[in-house]
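Only one chain comes next, encoded as structure tokens, the form predicted on its own.
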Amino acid sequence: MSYIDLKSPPKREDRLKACIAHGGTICEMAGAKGKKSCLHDDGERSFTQGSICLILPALAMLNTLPDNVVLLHSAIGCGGCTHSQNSNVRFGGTVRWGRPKDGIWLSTAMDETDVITGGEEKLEKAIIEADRRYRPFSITVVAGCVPGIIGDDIDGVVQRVQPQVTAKLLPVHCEGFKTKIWATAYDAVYHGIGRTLLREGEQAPTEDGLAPFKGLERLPRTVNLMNVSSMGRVDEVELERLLTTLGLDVNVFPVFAHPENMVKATQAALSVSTCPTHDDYFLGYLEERFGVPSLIRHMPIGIENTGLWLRDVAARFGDEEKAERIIEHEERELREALAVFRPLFEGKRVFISAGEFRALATARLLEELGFTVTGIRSFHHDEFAEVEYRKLANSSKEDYVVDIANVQPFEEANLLKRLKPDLFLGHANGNGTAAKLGIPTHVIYNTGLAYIGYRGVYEVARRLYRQLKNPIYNRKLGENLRLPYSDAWYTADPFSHIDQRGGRAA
């Protein structure tokens, strides 16, 4: 039985043996000490400051879908993140279609009475009302923790209500208490898309081993460019530029894709991941059911990784020589353009915090610009990142710390206090600790800024140059603010609250 035949996807702790609590080093993670990194046992913290709920990335994806209503079946507060995410939805719509458009999300707003009596009847009425009011192509029914705890059968509700509405109904299971690995959200969304939008007309592979969606032909020069919201439109344009130079057609999937047209993903000749953390679940399904092969090795951030990513794609179409010409031209122009920045960057120490693959690929980019990496904090760890750990272990002159942590700013504060980096790169909502310590910070992801491909290398360098030329803002913050930790914590082992194999939790 395929995972896609189940009502909900397995959690990543089980499927990938992913871990969320570990303190180590870059060489250890790369297996330099003879230990395969995917064999790290997940740890437990004796103290934790927070986590990341999988509803956040799931709603960030689903709210971008045009002609779709997100119906959250949970407590009203579970949808609070959509207010901040809506700016990305509006901006994404503007740069793609020339007009801003809000994401439409509703909530069943489950309360104490629903917890006692059950929320299925309330969900049925909400689905019918959403269909009557908006007439969307699809309604994604997102289950939070509350229905998972009390046992509401959202798949059963969807089956009962589907004949009464015109919209296609997609159940998406995001019960946050079931997993500590927030990246399971991507599997949950892809699971709903695969089970609902791509299964009708599914057919067996033909003699060539390929099985496009029934009635549709294979598109021999079309590639699926996977984006679950890890790229803004400016980065999509950069990768489309490189792929079309190879003579390929690009199908960006799934953010901002109309649900009715998602079937095109089954016709492509190849699926290309831009972040292995996001895509492996769905790419496996496309290959298994529709014979669409996939590439899932490199994230095209940085000079080396962009070249590797492009070479892999070109090799699948026999375009290796064309790819080499493109890469030689792009790298020559880029290195000339970067020359003005390098003297300021050379030897500057940097700490990076982000989702695993983005953090590691960005670390390699910063090395290419002349920075020295002093530490990395990854939100989780799984086997797909091993190749990136090996690249960094090989390129680094000395070993440095790696913290596997779903946020946990107390560990970050300890590490930053002792490492004293010149620069910190992290997500917009995760730069506060470093900023209050007086460290210049830069956002590692913003849908309006370029990060990916050759253009991304230049744009990141240009922004960091401006940041480091005038660090006075962060210096003033550090002089006038303090973090809520005692001096004793800054001298303690930063990983003393992690109970790893062998145990050492305080």
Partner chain sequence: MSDNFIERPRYVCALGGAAATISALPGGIPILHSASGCAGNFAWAQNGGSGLQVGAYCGTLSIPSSNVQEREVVFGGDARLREQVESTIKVMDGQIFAVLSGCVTEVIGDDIKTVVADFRSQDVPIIGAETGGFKGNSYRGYDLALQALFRDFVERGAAKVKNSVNLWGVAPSADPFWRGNLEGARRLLEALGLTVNSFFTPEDTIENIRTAGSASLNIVVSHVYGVEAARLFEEIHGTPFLSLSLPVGASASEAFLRSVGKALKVSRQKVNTVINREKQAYFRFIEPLTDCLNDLDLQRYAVVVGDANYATALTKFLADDLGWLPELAVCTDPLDDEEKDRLTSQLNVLESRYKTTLVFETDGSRALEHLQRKWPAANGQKYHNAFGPAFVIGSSLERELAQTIGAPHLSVSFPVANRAVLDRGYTGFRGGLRLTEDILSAVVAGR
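Numbering follows the first chain given and starts at 1. As the structure is a computational prediction, the values presented were derived from the model and not from experiment.
Heads up, the form predicted together with its partner chain isn't pictured, but that's what we're talking about next.
Relative to its partner chain in the predicted bound form, residues R233, R332 and R462 are all farther than 4.5 Å at every heavy atom. Checked against its partner chain in the predicted bound form, the candidates K122, K391, R289, R195 yield a single residue with a heavy atom inside 4.5 Å, and that residue is K122. Interface residue among V250, A359, V407, A314, judged by heavy atoms within 4.5 Å of its partner chain in the predicted bound form: V407. Interface residue remark: Q164 is not counted as part of the site for its partner chain in the predicted bound form, having no heavy atom within 4.5 Å. Using a 4.5 Å cutoff between non-hydrogen atoms, L437 does not count as a contact of its partner chain in the predicted bound form.
Shown alone here, H22 lies farther than 4.5 Å from its partner chain in the predicted bound form, counting heavy atoms only. Residue contact check for G448: none of its heavy atoms lie within 4.5 Å of its partner chain in the predicted bound form. Listed stretches are 186-194, 166-174, 237-245, 73-81; the contact stretch with its partner chain in the predicted bound form is 73-81, by a heavy atom cutoff of 4.5 Å. Residues of 129-168 that come within 4.5 Å of its partner chain in the predicted bound form, judged by any heavy atom, are E129, A130, R133, Y134, C145, V146, I149, I150 in sequence order.
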